[in-house]
Ligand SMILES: Cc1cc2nc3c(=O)[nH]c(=O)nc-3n(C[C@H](O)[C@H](O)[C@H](O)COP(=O)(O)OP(=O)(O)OC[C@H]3O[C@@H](n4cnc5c(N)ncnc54)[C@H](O)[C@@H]3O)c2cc1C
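Coming up is one lone chain in structure tokens, specifically the form predicted on its own.
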Amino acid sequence: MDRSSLKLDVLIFGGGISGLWLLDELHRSGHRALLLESGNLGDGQTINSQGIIHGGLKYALKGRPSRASRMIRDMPMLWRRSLAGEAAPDLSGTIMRGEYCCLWSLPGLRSRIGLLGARFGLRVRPRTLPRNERPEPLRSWKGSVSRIDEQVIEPHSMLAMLADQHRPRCLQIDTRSGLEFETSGRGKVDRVRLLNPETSAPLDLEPRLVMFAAGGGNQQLRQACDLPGQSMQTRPLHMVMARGDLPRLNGHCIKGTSPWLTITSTLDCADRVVWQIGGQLAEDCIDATPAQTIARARTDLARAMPTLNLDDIWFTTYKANRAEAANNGRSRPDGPIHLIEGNTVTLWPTKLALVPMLSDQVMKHVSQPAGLNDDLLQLQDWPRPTVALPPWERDLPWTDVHSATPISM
């Protein structure tokens, strides 16, 4: 059977923010590039993200400069320019959850020391919020409340905007029965063979460079190219969501030298306010049941915002895995990681905010465009992936606060 063949400068696997950001950069620089996605764009880490463009708060709270804090502290300014349409990629159509995050701490010496580290360790430093400028649940807080200019974005809107711009270059694939690699050595991909998921029509792709930007899916892709699987680690989170008559709030409540609660807020399809709640809570409760995790969240919220009324609030939870480069038994890599093996590059951004840095690192290894025509009319009948639903729009079991059993701290 004859198969059509298409030569490419770069082939990207994975339609999260890393893959789409790189696709945008490659297209603008004149490369013929395609992106392949087996599920929905952003499925996994990007769509589950709270959308905070971090500037290194978690590292600064430790009170000492680190390589990680130095790497991430310039990211808010880079993102701010893209979100304003002043730099590529143009993300000016992204819905903003907020222009800043609040920062407050529980009583205690270690928490005060942590906040002091944040004031001196961040490029974007916190500044005190007058009581009348605080979000409503923090107006009666007896301690200091600060503002840190870390923007909070709506990941779904960012993904949708990039997907619309690059629809001709994004293809839906079936990795179970419609994907085959032809290799001539470890990590050396000569050809990628696809079957159209709707018509079973064959397509051969001959890329000069292959990028794996599929998060947790990188392991399967690497194994298919005879690459070692121990290069990746996953770290799980058990996130909580609250829905109902809640104020709009984005912020971090500090306990000791870590973000104890990290809260971001958005609106669901029925215009109800939804809080995503992470931080230390999400890490501590990874082995807890949803009921136990909700009970912990209820207790923690009452301590962090004593005047917050939870009577008519509904809760649910979801789990998310963070896929990262293996880090020799330590928790998190300091920054974005990429591995070059043969003509494959495996990418792990580590954090949403570090995607621009990862893109800059990887683009240094991309050859000049081969001068291929970007006309992709032959792929016009190929199905395109859609953007994943955010977690609060999924079919999850919500429970009211009275159904969650309080726990003692």
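Position 1 is the first residue in the sequence shown; the rest follow in order. Only a predicted model underlies this, so the values are computations on that prediction, with no experimental measurement involved.
Omitted here: the form predicted in complex with this ligand. The next part is about that form.
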Answer key: of 336, 215, 98, 89, within 4.5 Å of this ligand in the model of the complex (heavy atoms) is 215
Closest heavy atom of residue 39 to this ligand in the model of the complex, within 4.5 Å or not?
yes
Given that the partner is absent here, does residue 343 sit within 4.5 Å of this ligand in the model of the complex, heavy atoms only?
no
Report yes if any heavy atom of residue 31 sits within 4.5 Å of a heavy atom of this ligand in the model of the complex; otherwise report no. no
Quiz prompt | Distance check, residue 175 to this ligand in the model of the complex, heavy atom within 4.5 Å | solution = yes
In contact with this ligand in the model of the complex (heavy atoms, 4.5 Å), from 375-383, 362-370, 23-31, 43-51, is stretch 43-51
Within 5-40, the residues having any heavy atom within 4.5 Å of this ligand in the model of the complex are 13, 14, 15, 16, 17, 18, 19, 36, 37, 38, 39, 40
